[in-house]
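Here we start with a single chain on its own, the form predicted alone, put down as structure tokens.
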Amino acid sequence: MSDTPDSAVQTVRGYIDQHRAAFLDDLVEWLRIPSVSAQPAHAPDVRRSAEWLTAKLRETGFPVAEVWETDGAPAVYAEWPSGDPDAPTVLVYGHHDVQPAAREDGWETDPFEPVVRGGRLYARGAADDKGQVFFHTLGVRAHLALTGRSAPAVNLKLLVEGEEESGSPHFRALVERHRDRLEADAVVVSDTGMWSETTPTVCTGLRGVADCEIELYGPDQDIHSGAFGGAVPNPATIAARLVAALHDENERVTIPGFYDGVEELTDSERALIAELPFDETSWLANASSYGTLGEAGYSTLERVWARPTAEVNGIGGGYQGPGGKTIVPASAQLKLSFRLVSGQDPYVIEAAVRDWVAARVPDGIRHKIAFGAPTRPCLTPLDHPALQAVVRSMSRAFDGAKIRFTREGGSGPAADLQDVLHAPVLFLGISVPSDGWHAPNEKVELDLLLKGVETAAHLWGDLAGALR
């Protein structure tokens, strides 16, 4: 089936308009399921959500749709072969679990009774992430209507996990266990967003993270600071010294080897970031903060998207009650996290942190350091053919608008897919900051949700050529 660009857009939009009401009815039904993975009482709901999606994917046309078990909450896997032996394979990632929500948290309506108001759909999961997963069901059908095909132009796979909002504790093991079935030439992550309603953007990367807890032990019990203070090491003082030594006067991390391998921003990448309509005052208001501070020589967006960081997440030790208590405390604690960028290995950073702490803890202080499960950074080069396919498809959906580029400062399981499958990770998200992820009154802009549908409809054909 041959279409000019304009007629292709109109074909897709006509199909979407025809099926919009049924699509939204289905999404509302899914959003009513309170699939809160962090709360054990909702475990049956998380399973019900997985089973609901599995049935709906079969109804959509996926010949294979399965619930995949983990040691925690179930995931959903689906695949739809192209029928073309030379077609590339694309894996779409998202999650069907949601954050906790209750009316008393500040919701204007029941968070699990979706409401459409002013062109917006309000419900927990509307944007994060059920809405952005579900637009692929209508998107693939619109793709078939556009192309006249009976199957997608790519071998299309979906993996929708059930524990992302609980830190994806079993996701890596799931991916490794099913590596052969998940094999793909590219991964599309629909769990991100755009800069704003009027500035469509494509995310190109996430930072990784390594985090640790440090326990410092001095005396076997709290002791009198008059009788012993100044003559034995104080673990709270050592904790403070560690924190003070973590950064230099330019806010650079002082741990030896911390910046080894970091991929520096190119001049063109910095220019693209500078193009974005960034308002520092609004950004600070969103951060509930009163001033910026970070590594010298970088803008605020560069710091949170493309530079590694070290943060003190918690510090404690000694007496915290009312009034004074003159002691040398028996112990102190630190919680640190390190956001990592492309080129850094979290296990190398872990070893460097352990060595750095050991070198600064004096005799008389015993210490323990425990790291959580790390997440690797991921980054897709701007000139990657698959990324350019996403850009072209989104531009068609947004009436030829220029698509700009962002990164995200946070971390996610997309890096596990890149690491295990050795495939580039692409981000296709249409959510905007006002959608209020994790907050009361989470919503999705319905016009943008349908732009996601449009983008997906164009994407599979474009990727079929770009990845050959």
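Start at 1 and count along the sequence shown; that's the residue number. Only the largest set of C-alpha atoms that superpose within 1.5 Å between the two forms is called the rigid core. Note that the structure is a prediction, hence the values are computed from the model and not measured.
Same protein, other form: the form predicted in complex with a further copy of the same chain, not shown, and the subject of what follows.
Taking the partner from elsewhere, His143 is found to have every heavy atom lying beyond 4.5 Å of a further copy of the same chain in the model of the complex.
Not displayed here, a further copy of the same chain is approached by Arg366 to within 4.5 Å at the level of heavy atoms in the model of the complex. Contact check for His224: a non-hydrogen atom falls within 4.5 Å of a further copy of the same chain in the model of the complex. Within this chain, Gln132 is remote from the site of a further copy of the same chain in the model of the complex, having no heavy atom within 4.5 Å. Although a further copy of the same chain is omitted here, in the model of the complex all of Asp105, Thr309 and Gly314 have a heavy atom within 4.5 Å of it. Put simply, of Tyr259, Phe371, Trp356, Trp283 only one has a heavy atom within 4.5 Å of a further copy of the same chain in the model of the complex, and it is Trp283. Note on the partner interface in the model of the complex: the residue among Gly148, Gly324, Gly118, Pro85 having a heavy atom within 4.5 angstroms of a further copy of the same chain is Gly324.
Of the stretches 154 to 162, 377 to 385, 293 to 301, 69 to 77, only 293 to 301 has residues with a heavy atom within 4.5 Å of a further copy of the same chain in the model of the complex. Interface residues of 382 to 409, taken as those with a heavy atom within 4.5 Å of a further copy of the same chain in the model of the complex (partner not displayed), are limited to Gly409. Annotation for Arg124: C-alpha shift under 2 angstroms between the shown form and the other one, rigid core superposed. For Gly297, the Cα coordinates differ by 2 angstroms or more between the shown form and the other one after the core has been superposed. Annotation: Cα of Gly410 displaced by at least 2 Å between the shown form and the other one, core superposition.
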